[in-house]
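Take a look at this one chain, the form predicted on its own, written out in structure tokens.
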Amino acid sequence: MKAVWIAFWAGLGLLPLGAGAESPKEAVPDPVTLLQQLSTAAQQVSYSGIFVFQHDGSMEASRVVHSYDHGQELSRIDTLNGPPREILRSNDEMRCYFPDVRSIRLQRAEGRHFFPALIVPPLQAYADNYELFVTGQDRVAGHDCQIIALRPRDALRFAHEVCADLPSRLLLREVTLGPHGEPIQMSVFTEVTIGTHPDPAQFKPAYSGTDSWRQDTVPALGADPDHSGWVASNAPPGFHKVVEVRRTLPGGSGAVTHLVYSDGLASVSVFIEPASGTTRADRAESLPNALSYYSARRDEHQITVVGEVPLSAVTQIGQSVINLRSPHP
């Protein structure tokens, strides 16, 4: 069952190597201003290219096209290996096409960060939870870029390094670093063109005859942040709930509540489902692909937590999951 959760968690997005040579760290004079530049560039710079996501000895390649014109943001992501998938986004509306199973998922883009748009408001949260340093310059996909290190202020999240294009500030590379500073996963452009407006036709579906495909609508996070009652009452500082939906998963025993907590860079998924079978011992383990896993039974529910954070963080979140509407929290 663990493999089902991990595959499902990873399939929610395109997660989201080698940084440049180390050099003395230079404190960033105004971290929030710098983060604002990175966030604005990802939204308002038009670009196209190919990026790869490397983790656990594997590589996933995708082609991305992004346009921003008169306040209208359009993007398209096509996977280049593995099962085909096409993601079309218009501002916050997102359509995911899965031609192998002839289905379309409709959802809002809230809480889902796709490279290179990894830095999103509220920006102060990054400065609160990470120290920022400029550590030098490098060259990525033929573009000079500035290396910016984000070092966690606690042991409940990993360090990150990004390389931002000079002068557009578009993110060209993001590296997640393990507890000993080793790279454990990376997103990086292998080729990119910046500043050219793509043809609007590129933002239309590549597939025809989709009227007969199954359509699934993922509900948006409701106005009441606790509408299901399920919360992580002791999430690490800076982690806030950004998504809450109910789903039915293959092989599941019923509807599953899915919560996503994020500090802006790292994301943690919490799954709550009706418990079945005999009670199993609590499990917590670090996985080789930068993920940590925690599973425990609480009364009549199975709690599963998977995230790109240290094991202590998923354990802390998992042990604090309660239902505020339950008479026996």
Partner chain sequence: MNREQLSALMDGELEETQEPPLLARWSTDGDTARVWNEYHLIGDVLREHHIRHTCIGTRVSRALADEPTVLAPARRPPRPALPRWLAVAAAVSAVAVTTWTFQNNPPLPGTAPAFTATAPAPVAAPTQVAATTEAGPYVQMHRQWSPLSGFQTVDYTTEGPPSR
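Nothing here was measured: the structure is a model prediction, and the numbers come from that model. Numbering follows the first chain given and starts at 1.
Unshown form predicted in complex with its partner chain; subsequent notes refer to it.
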Open item on the list: Looking at heavy atoms inside 4.5 Å, which stretch does its partner chain contact in the predicted bound form, given the options 201-209, 67-75, 231-239, 179-187?
Closed with: 179-187
TODO: Classify residue 290 as contacting or not contacting its partner chain in the predicted bound form by the rule of any non-hydrogen atom within 4.5 angstroms, answering yes or no.
DONE: yes
Task: Contact label in the predicted bound form: residue 193 to its partner chain, heavy atom within 4.5 Å - done: no
Task: 4.5 angstroms heavy atom contact with its partner chain in the predicted bound form for residue 161 - done: yes
TODO: Would you check, heavy atoms only and a 4.5 Å threshold, whether residue 271 touches its partner chain in the predicted bound form?
DONE: yes
- [ ] Using heavy atoms only and a 4.5 Å cut-off, decide whether all three of 85, 105 and 255 touch its partner chain in the predicted bound form.
- [x] yes
Open item on the list: With its partner chain taken in the predicted bound form, which residues across 47-83 come within 4.5 angstroms through any non-hydrogen atom?
Closed with: 50, 51, 52, 53, 54, 55, 56, 57, 58, 59, 60, 61, 62, 77, 79, 80, 81, 82, 83
